[in-house]
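Only one chain comes next, encoded as structure tokens, the form predicted on its own.
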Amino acid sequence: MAAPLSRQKLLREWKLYFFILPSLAMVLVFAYYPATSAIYHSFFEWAGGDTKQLIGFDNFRRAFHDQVLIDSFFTVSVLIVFNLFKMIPSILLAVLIHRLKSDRWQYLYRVLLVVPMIVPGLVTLFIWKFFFDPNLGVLNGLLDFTGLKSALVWLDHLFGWGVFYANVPIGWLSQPELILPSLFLWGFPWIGAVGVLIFLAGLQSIGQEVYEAAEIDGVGPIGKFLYIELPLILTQVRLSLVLLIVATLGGYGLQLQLLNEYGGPGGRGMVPGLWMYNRAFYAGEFGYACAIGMILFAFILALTFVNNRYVRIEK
């Protein structure tokens, strides 16, 4: 625990605190000022210029009756559930790397995980957009090559989906019924480099004597995972959940690049962040967009509180 700062020391070394001022000024200007401005402008009818009209809580009342926004919250809720499942491969891979006996091989796999992070995220999204292309995309080519498309067509006839046809390319990003499955498939095999490294950091804090005691008691590989490794990395799991909630609720770049500013056909891929972006930069309703941002902030804060409150970590 840090020792309390005495008044004498503060007076003696006050010049050193000037080194903090540039960083503090940048945080205030580029982080707190935009947030404060968004709160302020959420109570105005504002098109982004100098002219604005105070309308009180009208933007918030409009938001609670905006069917597109309401539907977008349902979509983002489904995506949060999807992303919870996507955490599982990262946890399992972290455990597998941790269990490697060779330090050299552990280091090699960590390097291999970090290397793809060099590729800009926008490039990755364009690659995935090409992956979903109905005519030249890898996904449809793979389905045709393996014969899985015939199975999908058979299932379509069986359940009456009206989505898959024998001689028609599958429009993953152009058919409303396939938008959410495409967003779920995105990122396969769902191994996030940052997530794996976070889980590895937690696993490396587990003492070797714990594993030795488990082996004496006859605990197998699955038992070690369930009773030792998973409980002892719950701190990292909780951190990942917070990052997941913030990124999924507030993010919209994926939907904007893969679909469009309206969330694709039928708006099936519309999420709150994308609707906020749409209202601001396509409709010119910056005040209303600020109100949507405030609602998003409240949801993120509430879900983060629930996560910290109910994801218990027994020391």
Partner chain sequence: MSTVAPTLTSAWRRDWSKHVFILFFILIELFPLYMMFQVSFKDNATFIRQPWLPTNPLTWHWENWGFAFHLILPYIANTVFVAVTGTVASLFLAILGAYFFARHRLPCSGILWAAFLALMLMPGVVNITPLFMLLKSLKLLNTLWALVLVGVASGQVFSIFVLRNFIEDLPRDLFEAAEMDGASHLQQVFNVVIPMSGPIIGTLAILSFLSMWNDFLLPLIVLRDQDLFTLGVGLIYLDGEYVKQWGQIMAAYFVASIPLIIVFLFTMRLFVRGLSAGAIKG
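Between two forms, the rigid core is defined as the largest C-alpha subset superposing within 1.5 Å. Residue numbers count along the first chain shown, from 1. Computed from a prediction, not measured in an experiment: that's the story for all the values here.
The form predicted in complex with the partner chain is left out here; the points below concern that form.
- Picking from 67 to 75, 170 to 178, 156 to 164, 113 to 121 the stretch near the partner chain in the model of the complex, with a 4.5 Å limit on heavy atoms, gives 113 to 121.
- Using a 4.5 Å cutoff between non-hydrogen atoms, S37 counts as a contact of the partner chain in the model of the complex.
- For the chain shown alone, C290 is a contact residue for the partner chain in the model of the complex, at least one non-hydrogen atom being within 4.5 angstroms.
- At a distance threshold of 4.5 angstroms between non-hydrogen atoms, P189 is in contact with the partner chain in the model of the complex.
- Residue contact with the partner chain in the model of the complex: I55 places no heavy atom within 4.5 Å of it.
- Contacts of stretch 60 to 95 with the partner chain in the model of the complex, defined by any heavy atom lying within 4.5 Å, are made by P89, L93, listed in sequence order.
- Taking 2 Å as the criterion, I70 does not count as shifted between this form and the one not shown: its C-alpha moves by less than this amount when the rigid core is aligned.
- A movement of the C-alpha atom of Y282 falling short of 2 angstroms is seen between this form and the one not shown when the two forms are aligned on their rigid core.
- Superposed on the core, the two forms differ at Q208: its CA moves 2 Å or more between this form and the one not shown.
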